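A lone chain, given as C-alpha cells: the form predicted alone.
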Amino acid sequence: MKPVTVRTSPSLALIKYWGKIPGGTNIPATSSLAVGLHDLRTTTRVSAGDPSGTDEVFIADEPQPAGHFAPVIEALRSHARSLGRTHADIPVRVDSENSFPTAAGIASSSSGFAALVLALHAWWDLDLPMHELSRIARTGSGSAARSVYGGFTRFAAGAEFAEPLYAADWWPELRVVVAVTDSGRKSIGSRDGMERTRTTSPFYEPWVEDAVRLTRLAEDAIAQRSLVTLGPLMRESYLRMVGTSIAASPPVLYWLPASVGVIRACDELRHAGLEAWETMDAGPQVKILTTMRDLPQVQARIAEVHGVQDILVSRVGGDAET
C-alpha cells in the first residue's frame, strides 16, 4: 500500500484546560477554548511496517516508546478489523516531524496525536465521524481532541470529544506570535504537572470553579471577534492556571526570565495602544494574540527581549491536509 501523509497544527488554548477528572482518560476538569496555528505544522507519515515485527513510531527519526501510542493505534485498528480491512493486522510504521520545537510547550502532542489519528484513519480507509476521531485522539492527548478540527474549537469540561466553533476564516486579521524562550524539552510533562496540581494545590478547586465563568465570557468575545474583550480573559485564565500550579507541592513552574520579559513587553505594547495579549501553557514559551495591523511592531518589540531565541508567527487555521 502507498504511504499516507497528513499535516496538522497545534491547538493553542485561549482559555485553559488544566486538570483532569479522575478515573477517565484525559477527560478535562475545565473547559477550554482554542485556536489552530496554521503556520506551525506536524507532518506524519504512515506506512507498512515489518510484517514480522510490531508497530513503530518515530519523531524526528528518534524511536518512541510504543506503549505511549498503542491505545490510539489499536482503537483505529479495531475499527479496521471490524470492516474486514485485509491490512489491519500488518504492523504500521509512523514517522512524524514538527516545524516547531517538540515537547517544549507549543502543544506538539495536540498536533501529533491528531495527525496520527487522521493518518491511520486514511491508511485503513475508515469512515468514522469527526467527533469519534476527536474522542480517539483525546486518549493520546487531551488537546489533540481539538487539533483534529482546526479553526476555533471548544472542549467542554467532562466531555469525551471536542467540537468545532468557527472555521479558520472566522477571524482573518488575527495573528499569533510565539516567543520561543527555550527550544528544549520542558522540565515537567503536562500530564504530570496537571496531576500534581490537582492533588496538591490548595487553589485547584477554586480554579476549576472560576473557569466556568471565563469560558462563557471568552466564547462571547470570540463570537464578537473582539480581541480587546478576549485578551484580558485569556490573561486571567493562564495566570490563574499558573498560580494554581505554582502552589502545588513541589511547585510546577515553567517560566524563565525571558518569559517574564515577554510578559512585561506585552504590557508595554498595550500601554502604547497596541493589541498584544499574551498567554502561556505548560512550558516557557509565550504566545501573543495580535492583529495584522499591529504585528510588525509586536514582533519588533518581542525580538528585543533578552533570551528570546526565535519568533514564530501564525495565522488562524490548522485544518488537516492529506
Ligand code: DP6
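In this text, residue numbers run from 1 along the sequence as written. On a predicted model such as this, the values are computed, not experimentally measured, just so you know.
The discussion below concerns the form predicted together with the ligand, not included here.
K.L.:
Of these, Arg85, Arg235, Arg191, His131, which has a heavy atom no more than 4.5 Å from the ligand in the predicted bound form?
P.N.:
Selected option: Arg191.
K.L.:
Within 4.5 Å of the ligand in the predicted bound form, heavy atoms considered, which of Ser109, Thr215, Asn98, Thr197?
P.N.:
By the 4.5 Å heavy-atom cutoff, the listed residue in contact is Ser109.
K.L.:
Heavy atoms, 4.5 Å, the ligand in the predicted bound form: which of 268 to 276, 281 to 289, 255 to 263, 46 to 54 makes the cut? Say which one.
P.N.:
Within 4.5 Å of the partner lies stretch 281 to 289.
K.L.:
Consider Lys20 of the chain shown here, and say whether it contacts the ligand in the predicted bound form, taking contact as heavy atoms within 4.5 Å.
P.N.:
So Lys20 counts as contacting the ligand.
K.L.:
I'd like to know whether Val298 contacts the ligand in the predicted bound form, with contact meaning heavy atoms within 4.5 angstroms.
P.N.:
Val298: no, not in contact with the ligand in the predicted bound form.
K.L.:
Going by a heavy atom distance of 4.5 Å, is Thr42 a contact of the ligand in the predicted bound form?
P.N.:
No - in the predicted bound form, heavy atoms of Thr42 and the ligand never come within 4.5 Å of each other.
K.L.:
Look up in the predicted bound form whether Ser141 has a non-hydrogen atom within 4.5 angstroms of the ligand, and give yes or no.
P.N.:
Judged by the heavy-atom cut-off of 4.5 Å, Ser141 is in contact with the ligand in the predicted bound form.
K.L.:
For the three residues Ala13, Lys16 and Ser32, which mark the spot I'm curious about, does each lie within 4.5 Å of the ligand in the predicted bound form through at least one heavy atom?
P.N.:
Checking in the predicted bound form: Ala13, Lys16 and Ser32 are all within 4.5 Å of the ligand.
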